[in-house]
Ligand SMILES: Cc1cc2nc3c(=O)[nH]c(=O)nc-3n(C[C@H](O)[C@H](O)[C@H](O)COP(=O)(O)OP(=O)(O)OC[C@H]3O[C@@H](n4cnc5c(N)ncnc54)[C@H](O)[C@@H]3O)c2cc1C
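One chain comes next, on its own, written as C-alpha cells: the form predicted on its own.
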C-alpha cells in the first residue's frame, strides 16, 4: 500500500503516486499476452488484454505472477518465450501448503505448567511437515485506544492425504494429533470460532505455496532468474521480463521478489534505450561477474 500511495519524489510525475496515475484503482487481471502485429517476428511491443477484453500495447511488460499462470490461466503467445524458458517454467516445483486457522477464547498456550514451569503449548512439529503456530495478534481500537487479543491457532498440513477432508475434519484430526503431544491440555475446549482453511495448491492464482527447486532443477532456476539479461534473445522475445519470488533463488521470501524486481527494472531501462549511471551500475552491467554459475555435474564414468 505504501508503494501504491507514496508520491514519486522526482521526474515528470513528481508528486503523483501510482494510485494517481492509475485513476485510483489497479487495472483488471490479465487474460492474454501477445506480440503486437500478427505474424511479425520483430520486437514491436507486447499486447496485454485484460479479463474484460480491453487491449493495450506496451513497449515493455514485467510479469510478476506465478509462472504457471502463463500457460494455465493467461493465454500467452508461444513465441514470447523460447523452448528452454517454457520448459523451466513448466518443470518448476511448487510446495503444497494447507493452513487451517481457528479462533480461540484466549492465548491459552501461554499458561505455565505447574510442574515444569514451561508454557503448556508451543510451536510444534509432529510428523513430517506438520507445523502448528500460535499467533496472538493484537488489535487496537481507535476510539478507546484499548488493546485486546485476537488469538488464533494456526494448524498446517503439507501432506496430500488431507486434501479431501472438510475443514472441521481437518481440525479434529490435528487437534487429536496435538492431544497426543500435550495430553494435559484440552485444546478443543478453547475453540470459539468457525475454522477457516486456505489451501494454496487449490487457489487458481497461486497453485502452490512457493516454488522449491528439486535435485537437477538448478538449470531451470538459473534460466528463469537470468531472464532479465536479454542481449542474446531474438526480437520476438524482447520486451517481456519475469520477476517475483518464484523465479528467484529464495522463493517464498520478500528479498527474492525485491531483487528480481530490481533486475527487471534494469532490463526495462536497457530495453527502452536507457542506461545506469557509471558510478552506480545495475545488476545486468556486472552480470558477467555476478551471474549464477553455469557449472553442471560431470557425466558418470562408463562402467
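Positions refer to the first chain, counted from 1. Values in this document were obtained by computation on a predicted structure and should not be read as measured data.
Keep in mind that the form predicted together with the named molecule is not shown, yet the notes after this line are about it.
Not one of 45, 230 and 241 comes within 4.5 Å of the named molecule in the model of the complex, counting any heavy atom. Though the partner is left out of this view, residue 254 does reach within 4.5 Å of the named molecule in the model of the complex, counting heavy atoms only. Residue 99 belongs to the set of residues with a heavy atom inside 4.5 Å of the named molecule in the model of the complex. The shortest heavy atom separation between residue 210 and the named molecule in the model of the complex is within 4.5 Å.
Although the partner is absent here, residue 259 is not a contact residue: none of its heavy atoms lies within 4.5 angstroms of the named molecule in the model of the complex. Checked against the named molecule in the model of the complex, the candidates 236, 268, 34, 69 yield a single residue with a heavy atom inside 4.5 Å, and that residue is 69.
Taking 178, 74, 120, 103 one by one, only a single residue has any non-hydrogen atom within 4.5 Å of the named molecule in the model of the complex, and it is 74. The chain is drawn here without the named molecule; in the model of the complex, the stretch among 77 to 85, 200 to 208, 111 to 119, 221 to 229 whose residues come within 4.5 Å of it by any heavy atom is 200 to 208. For the stretch 19 to 33, the set of residues having any non-hydrogen atom within 4.5 angstroms of the named molecule in the model of the complex comprises 29, 30, in sequence order.
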